[in-house]
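Below, in structure tokens: the form predicted on its own, a single chain.
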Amino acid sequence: MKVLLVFAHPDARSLNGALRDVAVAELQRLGHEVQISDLYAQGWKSAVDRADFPALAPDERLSPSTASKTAYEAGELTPDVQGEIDRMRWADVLILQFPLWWFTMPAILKGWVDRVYACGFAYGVGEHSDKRWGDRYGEGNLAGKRAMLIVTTGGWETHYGARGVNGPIDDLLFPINHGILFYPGYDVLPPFVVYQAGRLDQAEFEARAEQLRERMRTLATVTPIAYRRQNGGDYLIPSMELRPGLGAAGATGFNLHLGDEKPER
């Protein structure tokens, strides 16, 4: 397989850096091809602005989605953005790796998404009618590929449990897993989360490293999160509400968008 790992930590000597090296080494040992987008090392530009659209007339109002679509279709995206799109098209698997900062991804990684997810590539794709509402949520240009998160966080696992004060980790990661990865078509694998990131001793690190190696060994076989496909009949179009009667008894919030199949851990 071909694997793209997008890495978002400012220090390669960090726990994240060590975990990245473990994952890459195991993937290469298995014979997979790996490319790394190290956003801090690349000096990735995070903000979407007029510099992203050099063909835009100076007196023209900047509508990012419109400008993005125009540039994408004309082949006029900036080289850094086009390079990442080419990598995404190349890869069978996308891995986003980052520390959980203030309950989400670091700004540099969000900026990668903002700029690389061009209109016409990651969104704004497909027919919009009374039968379909675009190719998204399980369909799109990235359908047939797999994606997953490698995440570290300083809190305890119980802090992110069903009754934990920080909220369930699956809920915190839902906007990324469902809204960033599933939206353009990826089959989303359960995340690999390392808790108490600043407190691991060597033995605990080795245990987590072996668990990560096992996840890399099962990239092609682990069951994806069973998100409901938008155009699969579960949602009313165009309101995009879940059909009455669907969803487990008592299910609310994000869990409504899960089917009956339970993901592996």
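Here the structure is a predicted model, which means the values were calculated and not measured. Note that residue numbering follows the sequence shown and begins at 1.
The same protein also exists as the form predicted in complex with a small molecule; that form is not shown, yet it is the one meant from here on.
J.: With the small molecule left out here, work out from 80-88, 145-153, 124-132, 111-119 which stretch has heavy atoms within 4.5 Å of it in the model of the complex.
T.: Looking at the other structure, the answer is 145-153.
J.: Using the partner position in the model of the complex, report whether residue 202 sits within 4.5 Å of the small molecule, counting heavy atoms only.
T.: Yes, residue 202 lies within 4.5 Å of the small molecule in the model of the complex.
J.: Using the partner position in the model of the complex, report whether residue 14 sits within 4.5 Å of the small molecule, counting heavy atoms only.
T.: Yes - in the model of the complex, heavy atoms of residue 14 and the small molecule come within 4.5 Å of each other.
J.: Can you tell me whether residue 246 touches the small molecule? I mean in the model of the complex, with a 4.5 angstroms heavy atom cut-off.
T.: Residue 246: no contact with the small molecule in the model of the complex.
J.: Can you tell me whether residue 242 touches the small molecule? I mean in the model of the complex, with a 4.5 angstroms heavy atom cut-off.
T.: Residue 242: no, not in contact with the small molecule in the model of the complex.
J.: Taking the small molecule in the model of the complex, would 99, 102 and 198 all count as contacting it (heavy atom within 4.5 Å)?
T.: Yes, the whole candidate spot contacts the small molecule.
J.: Just to be sure I understand the contacts: of 192, 186, 160, 72, which is the one whose heavy atoms reach within 4.5 angstroms of the small molecule in the model of the complex?
T.: None of the others qualify; the residue that does is 160.
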